[in-house]
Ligand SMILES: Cc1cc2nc3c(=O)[nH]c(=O)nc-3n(C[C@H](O)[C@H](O)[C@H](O)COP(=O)(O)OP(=O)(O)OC[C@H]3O[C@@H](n4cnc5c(N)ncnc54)[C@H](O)[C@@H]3O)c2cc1C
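Only one chain is included here, represented as structure tokens and corresponding to the form predicted on its own.
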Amino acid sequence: MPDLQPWQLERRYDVVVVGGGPAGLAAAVGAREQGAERVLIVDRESEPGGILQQCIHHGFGLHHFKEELTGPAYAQRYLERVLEHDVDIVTDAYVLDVDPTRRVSLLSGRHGRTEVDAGAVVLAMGARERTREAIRIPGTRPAGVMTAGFAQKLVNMAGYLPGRRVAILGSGDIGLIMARRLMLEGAEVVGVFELMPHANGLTRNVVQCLHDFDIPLHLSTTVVRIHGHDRVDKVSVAPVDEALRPRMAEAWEVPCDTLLVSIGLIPDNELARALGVRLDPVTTGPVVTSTMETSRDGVFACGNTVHIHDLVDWVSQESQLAGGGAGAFASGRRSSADNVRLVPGRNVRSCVPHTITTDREHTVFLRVTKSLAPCSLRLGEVYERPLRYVVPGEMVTLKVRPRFLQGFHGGNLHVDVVPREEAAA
């Protein structure tokens, strides 16, 4: 890979993008395409691409590039676009602070402690994995307990097999993919144990990674204790009741030398908190407008920093929108103010963006609270669309077109997902 570091950082950039993963790369392209002349990406890794670099399986790009790519191939496609747009990239660098005037303080080995002024800032830091400590699993602290993403990095980038007999707590997509990966590398995956009554990953990953390899999935079951001194030698698991409390009388022991934790991702929002932007209590990411602008003027956010996505294709689409908004803001152009607030209603956990307008097309991303089939998605009384099914582990996308909102003059618009027979009534 060519040296991406600029010899000298500018004192001022039209747009500074924090993060060089799929969100940051797409945001930089979007900013340049909307008139930003000088764009800088700051990334803490040694190479751009983020989590994609360790995702060597296929399945990326079907929506965005209309072909199936591996994670590194998808990242390379976007990096080439970034370089074609003459974007500055500084790697092995950390953003220490963004002040209310959008002055960005960063630290890197090549440039030292530096401050640059930005016309607009895009927060694209991604997310981090929840750990064992986040849910306080009792037991000892032996070797062999790690997040699924770290295990993926060990296997795919460092060439290390983390264990021979592996249990997996949680059914997030990374955990499902690692179940298959470890089986292909010769390890035995003794089971995936999921607290909820449904899988939290994509249905295709449940089928391709578990069912196709005869890996058991235990729903409404969790790990209640970790055993071992130097290394894990077994875990205790137990079914849970409707209140998600373990039924300890029915617990059993599962011998294993490794426990992978795949219990979800948390948006990386420290910079957003420091800036004082408004956060969504459900997603824990910033509240954003239809252009992905936060409650701070000129500060935009996108990707897993805002809410956790299923597909990198949706990250790219959303992030290009955020970068475009930042580029337009830095160029002195702003879209009309949003006049519709989307309110999560029945069986809807979250909606992003949080506000939209009645005069433009928008893509809205939804998460539901429980599975339904068949069902209908309703926007207040103005629009309804039938759906074959919804599950909490899969994002629902909806294109909201101006014609859907004809006659609606703004205000709160409740978003509901209801059983088909109820919608018909």
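Computed from a predicted model, the values in this text were never measured in an experiment. Numbering starts at 1 and runs along the sequence shown.
Only in words, not in the display: the form predicted in complex with this ligand, which the text now covers.
Proximity to this ligand in the predicted complex holds for none of G30, V39 and A322, with the criterion being a heavy atom within 4.5 Å. Though the partner is left out of this view, H354 does not reach within 4.5 Å of this ligand in the predicted complex, counting heavy atoms only. At a distance threshold of 4.5 angstroms between non-hydrogen atoms, V15 is out of contact with this ligand in the predicted complex. Of the heavy atoms in G163, none are within 4.5 Å of this ligand in the predicted complex. This ligand is not shown here, and in the predicted complex it never comes within 4.5 Å of any heavy atom of K399. The candidate stretches are 337-345, 226-234, 302-310, 208-216, and the one lying within 4.5 Å of this ligand in the predicted complex by heavy atoms is 302-310. Only one of the listed residues (V277, A167, L265, A199) places a non-hydrogen atom within 4.5 angstroms of this ligand in the predicted complex, and that residue is L265.
For the options C375, L366, L379, L52, the one in contact with this ligand in the predicted complex, meaning a heavy atom within 4.5 Å, is L52.
If you take 75-94 and check each residue for a heavy atom within 4.5 Å of this ligand in the predicted complex, you get A93, Y94, in sequence order.
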